[in-house]
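In structure tokens, one chain follows: the form predicted on its own.
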């Protein structure tokens, strides 16, 4: 029994060491000792073990600044474990093969014809590369649960088993996450949101979605159809059939095409454009009030075209949010824009795959 416990602890420590290097890059054994709270001999044994399995290597690293030799760094071997990541959009599919440590080994993007099936495009641009990857993850805009896209305004899907369709197209299993959740994982892992416990990412595309991650991990039930929260009962008819949805009230589809024009016009003093942005900001803030009350995030990021809207209408967004949220929930809340920009979803899809890889090692 003790032997089993010792082996389990060793597995967990191996996974923790690999995760530390994957996320934070090359480090000395002394830095790893401090970061993981393990003694030097344990770190040495784990590093040797992972080097023998091909996951890590030691290299001559940075100078100490003295006359002594440069320190030896422990680092990931990118090709030891790769993840195939794709982001499916209305008019394009983007692909990246990412190696351990976050190094992008391959990168491709393909446009889509209006009536094209994105699954066929995924099969073409990933080629045999996806089959060789240890994990494959797709980011899809919409409400996603267990690989099924329950609703996607952007893609026009309802109840599509994207995971099964991707497997049929490529011959391998795929994890499927919504675009907003993938972007949240990316910002937490490779951006500057790693101090957030509950991170809410809002994505503006042809539809409006949100994704909630807890300590950087995607959660089942964390995919949120932000655009179909009713902000004005009995209001404008939405494409989904409901009345007064956020997407309908703030004319979300139109913003996909002309957000830059609208913000530029407002900046030049166009009263109509300013009023349109103000009303859109208020509607967004009201919808956020419901999401914040339900989920209690400590940080919200505005991605996609919602970034431009927030930068132009932060005051009405914050004001409407304050009117619809309890004080103790908004007192700890930070609102800002993401640092990874359009790269967030693809990076996050890869990181979701690596999280699964490392979890299997524990």
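In this text, all values refer to a predicted model and were calculated from it rather than measured experimentally. What we label the rigid core is the largest C-alpha set whose atoms superpose within 1.5 Å from one form to the other. Numbering follows the first chain given and starts at 1.
The protein also exists as the form predicted in complex with another copy of the chain; that form is not presented, and the subsequent description refers to it.
Trainee: Counting only non-hydrogen atoms, which stretch in 126-134, 112-120, 78-86, 221-229 is within 4.5 Å of another copy of the chain in the predicted complex?
Mentor: Flagged stretch: 221-229.
Trainee: May I ask you to choose, among 294, 311, 315, 30, the residue with a heavy atom within 4.5 Å of another copy of the chain in the predicted complex?
Mentor: Exactly one residue meets the criterion: 294.
Trainee: Considering non-hydrogen atoms and a 4.5 Å limit, which listed residue (335, 35, 51, 45) is close to another copy of the chain in the predicted complex?
Mentor: Selected residue: 35.
Trainee: Although another copy of the chain is absent from this view, report whether residue 237 comes within 4.5 Å of it in the predicted complex, heavy atoms only.
Mentor: Because no heavy atom of residue 237 falls inside 4.5 Å of another copy of the chain in the predicted complex, the answer is no.
Trainee: Going by a heavy atom distance of 4.5 Å, is residue 90 a contact of another copy of the chain in the predicted complex?
Mentor: It does not: once another copy of the chain is placed as it appears in the predicted complex, residue 90 has no heavy atom within 4.5 Å of it.
Trainee: Indicate whether another copy of the chain has at least one heavy atom within 4.5 Å of a heavy atom of residue 143 in the predicted complex.
Mentor: Contact check for residue 143: yes, within 4.5 Å of another copy of the chain in the predicted complex.
Trainee: Is residue 233 near another copy of the chain? Define near as a heavy atom within 4.5 Å, in the predicted complex.
Mentor: Heavy-atom contact with another copy of the chain at 4.5 Å: present for residue 233.
Trainee: Within 4.5 Å of another copy of the chain in the predicted complex, which residues of 150-186 have a heavy atom? Give them in sequence order, or say none.
Mentor: Read in sequence order, the residues that approach another copy of the chain (within 4.5 Å, in the predicted complex) are 150, 151.
Trainee: Once you overlay the rigid core, does the Cα of residue 42 travel 2 Å or further between the shown form and the other one?
Mentor: After core superposition, the C-alpha of residue 42 moves 2 Å or more between the shown form and the other one.
Trainee: Inspect the rigid-core superposition and answer whether the C-alpha of residue 33 shifts by 2 angstroms or more between the shown form and the other one.
Mentor: Passes the 2 Å threshold, so yes.
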